[in-house]
Ligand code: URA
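So this first bit is one chain, no partners, the form predicted alone, shown in structure tokens.
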Amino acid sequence: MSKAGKTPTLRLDRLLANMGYGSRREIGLLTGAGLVVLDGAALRDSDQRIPVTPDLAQRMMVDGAPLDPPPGVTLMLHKPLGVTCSHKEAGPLVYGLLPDRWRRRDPALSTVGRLDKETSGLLLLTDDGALLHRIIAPKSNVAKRYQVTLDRPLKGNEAAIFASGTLMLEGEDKPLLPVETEVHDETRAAVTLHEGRYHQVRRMFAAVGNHVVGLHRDRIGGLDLPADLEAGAYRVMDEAAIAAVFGGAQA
């Protein structure tokens, strides 16, 4: 909503071009052919203004398919191993898991933080800059839980060390915030972080003489990775799911 509380509007050609459907000229050809339909009626004037309502994707069809989610979209994605959270690095990229058209959106979708190439699990993407910064802001205290598989058995004192708030990582001069640890068995545990330092989980276990061989994020705030969201798949988040990130009721 705008500051005045009114529904924002955009020219149809600009809206669709910004969503990656083509140039304004190409959008003009689509509308001229009657291939853009709103509420069952063809829109033939590409420069008419359209109210960008939350339900627009349910009301508009483009070339016979439902409209992609309009700007203001947030996704949850199950990041697989071997995929990088980057636009430019070599090899498979997380954005390659989205439809080609989505990579041309303006504003662009960005990952909310990153998971390294060898970490799988829950990843959020959004084109809402204010939401992105709210999630990653330290004052929001959005915790993140990781399932960890280790190369060697736990010694038994790791949970106390991680919870102490005194553990220093190599090359740093500020101790980690306390981390909660739940031990599953001698080589598997879950850790919940309240900050996001570079390769933090791997470096924490290295500091206590162990090596992480498997790392999977399954929760951000109060939002769990859905059991039915397969690796490489994504889902558009509704308001309840976004609220869960900040500790609201589980979506």
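Numbering starts at 1 and runs along the sequence shown. Just so it is clear, the model here is predicted, and its values are computed rather than measured.
FYI, the form predicted together with the named molecule isn't displayed, but the following is about it.
Not displayed here, the named molecule is kept clear of residue 172 by more than 4.5 Å at the level of heavy atoms in the predicted complex.
In the predicted complex, the named molecule lies farther than 4.5 Å from every heavy atom of residue 49. Taking the partner from the other structure, the named molecule in the predicted complex has no heavy atom within 4.5 Å of any heavy atom of residue 219. Although the partner is absent from this view, residue 200 contacts the named molecule in the predicted complex, with a non-hydrogen atom inside 4.5 angstroms. Contact annotation: the named molecule lies within 4.5 Å of heavy atoms from the stretch 116-124 in the predicted complex, the single such stretch among 116-124, 88-96, 134-142, 158-166. For the options 215, 43, 30, 56, the one in contact with the named molecule in the predicted complex, meaning a heavy atom within 4.5 Å, is 215.
For the partner-free chain shown, just 146 of 136-171 comes within 4.5 angstroms of the named molecule in the predicted complex, judged by any non-hydrogen atom.
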